[in-house]
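To begin, one chain is listed below as structure tokens, in the form predicted alone.
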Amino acid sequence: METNQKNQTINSIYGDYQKHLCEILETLTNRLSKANETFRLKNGEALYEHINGRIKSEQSMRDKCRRRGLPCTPYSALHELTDAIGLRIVTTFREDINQVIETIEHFEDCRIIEKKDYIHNVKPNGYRSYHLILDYETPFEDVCGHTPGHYFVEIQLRTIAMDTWASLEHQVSYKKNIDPKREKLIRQELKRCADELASCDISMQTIRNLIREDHAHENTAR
């Protein structure tokens, strides 16, 4: 068993650093879950609806390195590229995304080094999401030989509506042998749905804001 584990590490594109990735993912997930519960107890509402995490598969990482013209090495996977560790946080309302970002900014061992706002800067196909790249400081050695080590973590933040749309679009993108005419129609419908869901997100946020204002006015009047 021990020999098999050593062979897996040698063959892994993540090399000896593979063992740290799951621990980093678990640590951040637990920290965000705790922050969510603290926020809920304080405000009566959750910070976010749910969170999913993954370590990019060996094959996916190798494929990405090849597409970028990079050698399939731990240095490429963990330094040149930034999405070996990924988290997706799904919120109920658009404004909750800002609250989650603010929470992450207060993590002492995390530094946000990149932000991509695809909510206000929508992709042509209708994709909406907010992406962060974290530089996460750990007690482990990193691929550059530094201790404490630094590992990248990619975080995607979406509302429930955005996440539902993205899941459907993903199915279309990876579905093989779709008739070109049918695919064109599907993508037109997807774009229309993306715009309608974005409008619903704004309306839902407006309704929640009105409810909060009414509640605040009630408390002031007492």
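Counting begins at 1, following the sequence as shown. Treat the numbers as computed from the prediction; the structure is a model and nothing was measured.
Another form exists, predicted in complex with a small molecule; not displayed. Remarks below refer to it.
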Among 111, 79, 150, 88, which has at least one heavy atom within 4.5 Å of the small molecule in the predicted complex? 88
Considering non-hydrogen atoms and a 4.5 Å limit, which listed residue (197, 166, 46, 35) is close to the small molecule in the predicted complex? 166
Can we say 66, 73 and 136 each have a non-hydrogen atom within 4.5 Å of the small molecule in the predicted complex? no
For the small molecule in the predicted complex, the stretch among 89-97, 125-133, 142-150, 102-110 with residues bearing a heavy atom within 4.5 Å is 125-133
So in the predicted complex, does residue 54 come within 4.5 Å of the small molecule, heavy atom to heavy atom? yes
Although the small molecule is absent from this view, report whether residue 58 comes within 4.5 Å of it in the predicted complex, heavy atoms only. no
Evaluate residue 170 for contact with the small molecule in the predicted complex, applying a 4.5 angstroms cut-off between non-hydrogen atoms, and reply yes or no. yes
